[in-house]
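Here's a solo chain for you in structure tokens, the form predicted alone.
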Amino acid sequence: MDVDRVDAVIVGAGPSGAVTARRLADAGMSVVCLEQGGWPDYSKARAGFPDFELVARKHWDWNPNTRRAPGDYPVDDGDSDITALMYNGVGGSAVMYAAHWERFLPSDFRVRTLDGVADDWPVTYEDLEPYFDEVERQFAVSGLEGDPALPPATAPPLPPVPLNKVGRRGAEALNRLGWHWWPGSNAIATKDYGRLHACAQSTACPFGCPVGAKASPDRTHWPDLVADGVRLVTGARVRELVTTASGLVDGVGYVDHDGVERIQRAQVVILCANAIGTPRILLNSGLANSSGLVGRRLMMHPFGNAIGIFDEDLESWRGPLGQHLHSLQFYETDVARGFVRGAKWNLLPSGAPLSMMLPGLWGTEGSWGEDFHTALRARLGRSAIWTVICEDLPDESNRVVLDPDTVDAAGVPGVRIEYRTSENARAMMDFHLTKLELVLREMGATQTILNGHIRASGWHLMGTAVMGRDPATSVVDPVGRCHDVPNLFVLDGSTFPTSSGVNPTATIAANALRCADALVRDRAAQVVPA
């Protein structure tokens, strides 16, 4: 049994864990990070090879239940409208994200005040603004300053990804309609930057970036953190948090990759295991739940897309994936639409051939038999995809619970997800897909395919350990400290009171850095085990 005590132990090596480790290490604190998975194996990233699309769905599957990698645990989603997607390993789910880098908007922090729903955050956009700037430097964000839908901000460190023919076609259509668009912000290097290389536009972002252009913490943070003395323990499956008689946490109990039970003791424990993994640890430890809200208010962003097929060759087999551009035209509430809050659109290339020929989102036409080649020729390079991310309002009945029927490789219980899409989100999706069909027709599409509420789309996990000032209605305080356990922190997306309608990684990273900054600032007054 290990008894070496450190200043901080972090659980999870994704974006929030990485920026937290960076801040604490820079302050001179001793840090251990426990990560249940291993390092990504980019020798299995096969973009540019003939077997790319075949092995991508084996080695880089987004669903842990089908991927079944050594770091995964069972997630029963049979009672959920949306499947939870994640990557359990160094870099976290950023290893497989599409790298769309969007700041939450100022209104996202004030939905109770503005729209009378859900809750205001205990912090504002302005509180997070300097941290947005810093994490954009850490994650090599490419983009263009001056977006009129956002407050004035510091320019990203790199220029935006190219619009290509698809992006120009979309921008021209939105110009004619008089609707908002702006070049997309992405955590994708458009020039060599630190350890990253310039993007090769191989539409491989969610399937293992083969050139090292996409910013994920296994590339942007952990090599330097390890070199600077942070101890990263891979293959460490957390069983439970260890407590003292006085109610503080004293460390983390885990099973190492050899199956040996260990305890990492620390002055503070910081959970960065995502909005499924963090409540799993808290519920299994029986901690921080006096409010009864641990695991509740799960938000996953109802997601849909609008596909257009064109007569012209748009070369849409190439590009970042990644977003060429985004639109926030219908982002803010207009009650005349019959719902509150809104959604973000982004325009993508359609990519390689297999994805557009599998039965499902592209319909059944030509998926088999003599029409197969006709359908493939019509789609490959001649199609574009708009995606819709709907704001998901919190509902206490949407939740994560421990699953008594499943365990992981170390015998730790799996989880079950209970989630239903709200009527507000359904009305929102219908509205936005109708508008996007107009956009595709304006772009010149000869065929449109609309897919609302795609089930396998739960990349954005938020809300299961909500942040607030009142211990009766929240799990953690505004700097991520658990109300019930003053040396236990949650710094991932679990703490988000609301979800916004944009990709959350930028705000997850910025908020983690803000909270880590507060932890360092208040360190002298921090209550720790004797």
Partner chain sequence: MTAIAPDLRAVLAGIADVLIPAAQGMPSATEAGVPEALLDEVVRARPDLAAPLVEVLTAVATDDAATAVARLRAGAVPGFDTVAVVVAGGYLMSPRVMAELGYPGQEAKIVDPDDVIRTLHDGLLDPVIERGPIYRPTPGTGESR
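Numbering follows the first chain given and starts at 1. Worth saying up front: this structure is predicted, and the values here are computed from it rather than measured.
Quick note: we don't show the form predicted in complex with the partner chain, though the next part is all about it.
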query: Residue (of 423, 126, 311, 405) lying close to the partner chain in the model of the complex, criterion heavy atoms within 4.5 Å; finding: 126
query: Listed residue (397, 246, 374, 434) with a non-hydrogen atom within 4.5 angstroms of the partner chain in the model of the complex; finding: 374
query: Whether 47, 54 and 114 all lie within 4.5 angstroms of the partner chain in the model of the complex by heavy atom; finding: yes
query: Stretch from 442-450, 256-264, 377-385, 280-288 whose residues place a heavy atom within 4.5 Å of the partner chain in the model of the complex; finding: 377-385
query: Any non-hydrogen atom of residue 411 within 4.5 angstroms of the partner chain in the model of the complex; finding: no
query: Partner contact for residue 317 in the model of the complex: the partner chain, 4.5 angstroms, heavy atom; finding: yes
query: The partner chain contact at residue 358 in the model of the complex, heavy atom, 4.5 Å; finding: yes
query: Contact of residue 328 with the partner chain in the model of the complex (heavy atom, 4.5 Å); finding: yes
query: Partner contacts in the model of the complex for 146-174 (non-hydrogen atom within 4.5 angstroms of the partner chain); finding: 148, 149, 150, 151, 152, 159, 160, 161, 162, 163, 164, 168, 171, 172
